[in-house]
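Quick setup: one chain, the form predicted on its own, written in structure tokens, and binding and motion questions come after.
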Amino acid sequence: MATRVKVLLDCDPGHDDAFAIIVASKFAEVLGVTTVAGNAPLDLTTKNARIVLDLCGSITPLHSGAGRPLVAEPIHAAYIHGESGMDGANFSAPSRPADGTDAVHFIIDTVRANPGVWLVPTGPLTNIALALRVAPDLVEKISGISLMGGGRFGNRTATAEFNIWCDPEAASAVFDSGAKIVMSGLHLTHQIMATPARIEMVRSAHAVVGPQLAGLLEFFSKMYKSLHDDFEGAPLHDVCAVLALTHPQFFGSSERHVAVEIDGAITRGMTVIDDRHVVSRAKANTKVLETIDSDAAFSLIVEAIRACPER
């Protein structure tokens, strides 16, 4: 890659967010990291982001953001990520505090100073929706939003994926914003699983970081397998939103209109993907990622882990 794509990561670490940060640190130019409540409360997602940035040897700015959804009551995911949000490994205390607590204005200022940056949210879309509400000019300044969320089926409910379900009002605002959107939904992310063989690849990729990250994946996979009928391991959802920008050749996609249901009694948080062939269908607003070369993608995850500094 002659020129690395510029990204601003918005995340809620979270096991799979950790791998997204590591991959972005290797293959993209990360202008900053912001955190949101989601997989765990905000204080923990921010702490976890600081820990992962230390693993990468990154000094990119880190700002915490929204501690709750726009409207709904906050709900977290200890049932899958553990009480810390990143159970499964013992990490050293982070080496530095967050650089600030106003993620929304950090996003706004970073985009205005770096036209063409991509926003890459891998948690609830609260920070992104707030930034677009305060500064609607961002839609014209960013290259787009590559997000992990939604899909052709749900996980938190039959129709709703966790990130969208946590804050459907924020997600609806983002999909309706006019920004170019690339969506890594569950139907895609379930194609890249942390199988036992792949976990061993992670373990052997780095003398120190490898075993720690393998521990994360073992915990994550154990929780996933306990909650599903037929999973070989945990899906690495969030990495897809990064690789979609750094290695788009690994993905197949379709252009679709996507809307977020906010009122349905059993469909709240559903990403409604318009697959109709009728001429009157709504104009596409989203590149929906459909397929991934999971072996090639996982080899890049291993390469990124190898690039972590020795400590």
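Just count from 1 along the sequence shown to find any residue number. Nothing here was measured: the structure is a model prediction, and the numbers come from that model.
In what follows, reference is made to the form predicted in complex with a small molecule, a form of this protein that is not presented.
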Next on the checklist: Can you tell me whether D238 touches the small molecule? I mean in the predicted complex, with a 4.5 angstroms heavy atom cut-off.
Outcome noted: yes
Next on the checklist: Please tell me whether any heavy atom belonging to T46 falls inside 4.5 Å of a heavy atom of the small molecule, as the geometry stands in the predicted complex.
Outcome noted: no
Checklist entry - Taking 4.5 angstroms as the cut-off for heavy atoms, does T122 touch the small molecule in the predicted complex? => result yes
Next on the checklist: Whether L186 contacts the small molecule in the predicted complex should be assessed with a 4.5 Å heavy atom distance threshold; does it?
Outcome noted: yes
Checklist entry - When the small molecule is placed as it is in the predicted complex, which of 108-116, 131-139, 173-181, 230-238 ends up with heavy atoms within 4.5 Å of it? => result 230-238
Item to check | Residue among S64, T286, N39, T271 with a heavy atom within 4.5 Å of the small molecule in the predicted complex | outcome: N39
